[in-house]
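Given as structure tokens, the chain that follows is alone and in the form predicted alone.
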């Protein structure tokens, strides 16, 4: 309950999450480009993509409680849809990225319908199987531009400039965050939380839980598809290893949990943290995975609600004490 009050708190009539998003936008769009090296910008582009993927997992699993182990399914559907449309129909990447998100949303609906009667590990298994099946299908694709195991090369980029791609990815990530925060704070978000907390009680209260679970899958799939489509045009390649790999699903979960589930802003911080740490641990070679695992375990052990959530709680408590002291 304390977390809910914290995330619904307003300053000057504006919810706190929107203030955080405004501050993040100012830092990422005005300050970072002036200070960052080209190498750092390329890393931050990936961080934006992973932040979107983590947010997509959070709106489904963190808010609605529908645990997914196969978010790479949505990620890959978005990437392949956007890549194929850009290559064969010569559509603009500015259009195909959104169509990729739409295709992934439809994929979310296809998974949600048979999964409505399933919960817990059974639902997670369905999402995992969907990602595995999509991976195998992609590897057996036989199309003109396909490389080894169904890889598509020569996908047109949004831009060849790292700076442009940084602004594009940051803008898309902030737009996605604004959308998901608005959803989370709406009546729909309250129903999502009610389903997560006690689905039977929500149904007994007259809520159509099946409809809202389907909506959660569609929204989550749409956002994950956008992130996969953007990566396809940024890397100019789509491949099963890059888009359907189960490591993507695991990393989305890790990023959301590290930052703080059920917050939207937490997965952004978790996505940035995961990508930056992974890149700067690269000199450690094979020990990088071990170091990242240990670091993740330490965060989960000492900050079980996520480091971003814990930071917000501490700052809110400090602000409250300071304000109460001044009034006294």
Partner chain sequence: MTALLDVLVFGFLISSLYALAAVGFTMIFGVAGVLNLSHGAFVMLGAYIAIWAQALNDPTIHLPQLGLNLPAAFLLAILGVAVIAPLIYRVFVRPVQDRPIIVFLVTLLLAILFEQVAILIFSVNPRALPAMVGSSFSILGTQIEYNRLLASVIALVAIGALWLFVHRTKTGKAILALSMDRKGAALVGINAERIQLIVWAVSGALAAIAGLFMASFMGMSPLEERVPLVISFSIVVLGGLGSIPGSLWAAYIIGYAETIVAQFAPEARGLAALIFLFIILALRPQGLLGRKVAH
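Given the structure is predicted, the values throughout are model-derived calculations rather than measurements. Positions refer to the first chain, counted from 1.
Same protein, other form: the form predicted in complex with the partner chain, not shown, and the subject of what follows.
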| Any non-hydrogen atom of residue 67 within 4.5 angstroms of the partner chain in the predicted bound form | yes
| message | Can you tell me whether residue 90 touches the partner chain? I mean in the predicted bound form, with a 4.5 angstroms heavy atom cut-off. | response | no
| Going by a heavy atom distance of 4.5 Å, is residue 39 a contact of the partner chain in the predicted bound form? | no
| query | So in the predicted bound form, does residue 286 come within 4.5 Å of the partner chain, heavy atom to heavy atom? | reply | yes
| said: Within 4.5 angstroms, counting heavy atoms, which one of the listed stretches 272-280, 44-52, 30-38, 289-297 is next to the partner chain in the predicted bound form? | reply: 289-297
| field | Residue (of 175, 95, 133, 109) lying close to the partner chain in the predicted bound form, criterion heavy atoms within 4.5 Å | value | 133
| query | Though the partner chain is not shown, can you say which of 181, 254, 103, 216 has a heavy atom within 4.5 Å of it in the predicted bound form? | reply | 254
